[in-house]
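Have a look below at one chain only, the form predicted alone, in structure tokens format.
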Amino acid sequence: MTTKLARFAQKRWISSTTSTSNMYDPRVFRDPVTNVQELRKPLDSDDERNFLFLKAMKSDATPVFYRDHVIDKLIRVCTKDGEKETSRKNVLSALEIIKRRQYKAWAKASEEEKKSIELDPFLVAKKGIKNCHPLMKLQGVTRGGTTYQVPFPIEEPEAEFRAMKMMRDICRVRSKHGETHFKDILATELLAASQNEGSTIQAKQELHKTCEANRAYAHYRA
């Protein structure tokens, strides 16, 4: 199969080498500033960015107040069948619901309780997702014709993705059963997760229990 592919590439003039060039010349372009706090600070007189070009920012790295890396990632995780605008609408509607619920709770609370109520829905959502980060994952490892579910530690980006994926799957199952709309379930899960409660927190704890039960297979990691 490999020989046939090589012959086809040679006949059709298809390049099989990796790209070694970049559209941004490193001698002329520098990385952009994506932090709002750094943008407000003046540049030093000897900073290269004063006289060189800057690379284009990624769509999820734009330093504006209504864009957030975690929320943009949640939108991508919740996208189904390529309908990203529908996913964006659902996630932003869930944040609006969180804002309304938190403000109602703030209005009814006493002066002491108001200090502990977070009104920013972005911070509530990020805290909820952070609380859902798993510490371990189960991965199949085959030894002697038998596949074992071996616990592995995971890095922060993967833990964030798995937390969002667990929350998304739970919300989809509940919305499919007709309980309510996806945005309402997502808002409820994010609020509950910010207080270490809810179905996503339970799913994370069940995963940790399974990893603890399978710790005898940890020597299969190598």
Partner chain sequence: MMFSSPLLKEKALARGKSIYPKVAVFSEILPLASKNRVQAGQKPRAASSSCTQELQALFGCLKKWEFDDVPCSKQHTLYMDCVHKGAEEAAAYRDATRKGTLGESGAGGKQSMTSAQFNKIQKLFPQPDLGKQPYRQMKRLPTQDYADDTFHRKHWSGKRS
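Numbering follows the first chain given and starts at 1. The structure displayed is predicted, hence computed values, not measured ones.
There is another form of the same protein, the form predicted in complex with the partner chain; it is not shown, and what comes next is about it.
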Tell me, yes or no, whether His133 is in contact with the partner chain in the model of the complex, where a contact means a heavy atom of each within 4.5 Å.
-> yes
Look up in the model of the complex whether Ser175 has a non-hydrogen atom within 4.5 angstroms of the partner chain, and give yes or no.
-> no
State yes or no: in the model of the complex, is some non-hydrogen atom of Pro153 no more than 4.5 angstroms from a non-hydrogen atom of the partner chain?
-> yes
Within 189 to 222, which residues come within 4.5 Å of the partner chain in the model of the complex, counting heavy atoms only?
-> Asn196, Lys204, Gln205, His208, Lys209, Cys211, Glu212, Arg215, Ala218, Arg221
